[in-house]
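Shown below, as structure tokens, is a lone chain in the form predicted alone; questions about how it binds or moves come after it.
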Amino acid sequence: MMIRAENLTKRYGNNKVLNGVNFNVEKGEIYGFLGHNGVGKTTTMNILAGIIGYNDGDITLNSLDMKNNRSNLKGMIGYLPEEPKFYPYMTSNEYLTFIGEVLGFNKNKIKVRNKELLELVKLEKSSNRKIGGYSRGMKQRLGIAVSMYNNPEILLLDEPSSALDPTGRKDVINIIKNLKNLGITVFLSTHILSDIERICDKVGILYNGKIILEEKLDMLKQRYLHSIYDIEFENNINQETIDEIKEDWIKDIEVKDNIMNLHVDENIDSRDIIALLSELNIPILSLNLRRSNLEDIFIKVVNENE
């Protein structure tokens, strides 16, 4: 196991931000760490990065206990905060050279490493431009390069695609995919669920200071994903109409005003839905089939825990 947290607790005064958090990340995984803003994702990332301490629990990184091996773990972890800071008057090449010098690399090694990283994050053509003129997406990519400089085994990414335009997000996601190919374990904190679906192997949902769900993404989809029929009725839906729709293959019914969301088994044909609705003798304006996604799962799991 590359990262293991057991009963992790963090308090700020009387406020318990993390209340017995448990998660496991295997070597080479991209782990999606999910949760609403303000639930403690960044606090957890800062703890894993060794920036802040914690009150109780245990953290193990690559079989090393964090409390007793801080010096041995420094070179193993790379960290990209949500808003990385740079010297805007430097070029990306100059900034990476500065990082290499801080880490004690010689000039030849710095030159080689800069080239590798700038190619990895697709900034080689902009390497001599001032960072102050970079877009937010370019700065995020440079931040990934900085966090990767010392060849870490574990990379912590805190909201790496937050506030980026679609092109910037796509660039960052593609880079993270490439990191997996390099065998790097990625711990990715985000609230953008579509990004998780595209790249993650496992997800953990943080809520009220605890992990309320942790599962491989493919298994999660098998367990939770199903077909949803969005039905628009002419008039608002009453309880009597809901009570009339009773079938074993209906997993869930959600209603708001004149819209009904009918969650059904995967093997149910649209003809079954039409036959069921026709028995109601109620005017229907539209019927639309869609697949549930990770956002549906997230909302369902959080609602169950509330």
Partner chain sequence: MNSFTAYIKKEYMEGIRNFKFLIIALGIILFALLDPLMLKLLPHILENQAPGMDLSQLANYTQEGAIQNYMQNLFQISNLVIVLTLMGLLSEEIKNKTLIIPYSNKVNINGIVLAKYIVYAGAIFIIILIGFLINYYYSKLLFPEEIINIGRVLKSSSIFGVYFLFNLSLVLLMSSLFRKSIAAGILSLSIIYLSPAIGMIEKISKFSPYYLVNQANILSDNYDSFLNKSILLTFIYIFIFIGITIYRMNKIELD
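Numbering follows the first chain given and starts at 1. Please read all numbers here as calculations on a predicted model, not as lab measurements. Take the two forms, superpose them, and find the largest set of C-alpha atoms that agree within 1.5 Å; that set is the rigid core.
Although not depicted, the form predicted together with the partner chain is the subject of the following passage.
- Annotation: in the predicted complex, residues 224, 242 and 263 none come within 4.5 Å of the partner chain through any heavy atom.
- Segments offered: 187 to 195, 208 to 216, 174 to 182, 90 to 98. Contacting the partner chain in the predicted complex at heavy atom distances within 4.5 Å is 90 to 98.
- Contact check for residue 168: no non-hydrogen atom falls within 4.5 Å of the partner chain in the predicted complex.
- Remark: residue 85 counts among the residues lining the partner chain in the predicted complex, judged by a heavy atom distance of 4.5 Å or less.
- Mapping the unseen interface onto this chain, residue 130 counts among the residues with a heavy atom inside 4.5 Å of the partner chain in the predicted complex.
- In the predicted complex, the partner chain sits within 4.5 Å of a heavy atom belonging to residue 53.
- When the partner chain is considered in the predicted complex, only one residue from 228, 164, 146, 121 comes within 4.5 Å through any heavy atom, namely 146.
- Applying a 4.5 Å heavy atom cutoff to the partner chain in the predicted complex picks out 10, 12 from 1 to 31, in order along the sequence.
- The Cα shift for residue 128 between this form and the one not shown, taken after rigid core superposition, is 2 angstroms or larger.
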